[in-house]
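Below are two forms of the same protein chain, given as structure tokens: structure 1, then structure 2.
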Structure 1
């Protein structure tokens, strides 16, 4: 018994130890920190929920919350619809080579870090020698637009650069699901005299429902995680429009040294995420499908 199982436990110890030390313990530890007044030196008295109260009364927190919801929500919706359209479009392509090439190219930006994607787009959108302003000039605009310094464009730039980066990834999930649609469904549709649009509308899209639900739920949980992108692409002029909740936590920890408040904000986000995931699961009846 021991001889057989002993070595097995030894093999899994590193993984369990990692999760205990870097996931479960921090989760508990964070809860404690969020209820303490954090001091760099000396003791850390318990203050109950007052850090949470501070966060909830902080207009900066609410501003970052609004930004998160607008940028994250926009990304969620556009980033949900775009890959479906592209996948349906790709599925119509007859030439296998062109299909494969397109698939390959649109997946590419998913591999890049936000520093790379942000760096490329900041440069593309720059007023002096950026590609976008160059194109606008060809189309007859005389004054270049300072895209990264325009408050009304800032959130849209975040949304579209995110969709640009992640579209190919989600698209391939849909394509994979399309390949596994039972061909007899299309044969049956043929018998009923269905045309191209009817097949898409009544066969393909309904068959993609479970993939859509999974993609939507995963993307939804990603809304409050937005961080890298904003760290890279934000600047002094547009910060008020684009700084997100995770940025607030970072700012409070490493610049204001208010770790208790910062952690309270992060825990509010965890709670919100869990509630949201629960509500959405109920609403779209995620479980009844499989």
Structure 2
């Protein structure tokens, strides 16, 4: 057997080496560090689950967890529904030129880093010459709103700016799936006298079910990875409302130099993400890609 498939085994060695070196080893090393009083220089005594206990008893960790769930959950739900609506609307556009131009415009933000996107939104929400306050002024509002300094707006701004950035990417996935829908289904719907809305409801949306599952699961895995957006758009006034778990691990690692505690927090996030993904995968029957 080895002699017959030897060349295939040799070809798979680089792939295995890559995953062992860059995936499995860091995971195992991180697990060890999470159970140590880690120091860059000197001994690193084993402390068992003490770092996990420190994290779980830290009110700052739970505050960041609440912020992560609210911002990430809001982004997940709105970011799942909005691209479907936009994709369905674009699919109904007859003029191909306008359709392609709109796709290009809404896809652009996905290509920008959060430094650019955050700067755009901070400027648009500025009380001085910001586009949003300018529109509100035209509608009759006397005083400008300091959006980036109002705690009640902070989480919503993070949610909608994230949805705005990723809207085009998810929208293109749905449009690509719509192209692959068998035209005979629409012809059969026409023969049955179905209107435009009925074709969307009974043909298009059911045919997008597999793509919806993939998009939802991918976005779900990103709920606890929010970090760079917060670093760019947060400030001292709204920090308590928008600081997230990844920011907590960054604080513990590079500012407090408590790497054992930071790694324990990171491992709690990994475990929570895996459990959540497993539950959602079972709930939406991800494997039934019909």
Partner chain sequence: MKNNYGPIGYKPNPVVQLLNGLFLLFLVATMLIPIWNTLVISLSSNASSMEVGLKMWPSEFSFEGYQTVWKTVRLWEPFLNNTIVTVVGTTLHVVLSAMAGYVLIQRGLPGRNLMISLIMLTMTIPGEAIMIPVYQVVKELDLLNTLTSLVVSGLVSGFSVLLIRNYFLSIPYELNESARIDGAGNMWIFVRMYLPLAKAGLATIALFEFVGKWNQFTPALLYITDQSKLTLQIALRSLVVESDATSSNFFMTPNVRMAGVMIAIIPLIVIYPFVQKFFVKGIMLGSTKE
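Being a predicted model, the structure only gives us computed values, none of them experimental. For the two forms, the rigid core is made up of the largest set of C-alpha atoms that agree within 1.5 Å on superposition. Residue numbers count along the first chain shown, from 1.
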The same chain appears twice here, once per structure, so which copy is the form predicted in complex with its partner chain? 1
Please say whether, between the two structures, the C-alpha of residue 39 moves by 2 Å or more once the core is aligned. yes
Residue 271: with the rigid core matched between the two structures, does its Cα shift 2 Å or more? no
Could you tell me the distance the CA of residue 24 travels between the two structures after a rigid core superposition, in angstrom? 2.3
Cα displacement of residue 9 between the two structures, once the rigid core is superposed (Å): 9.1
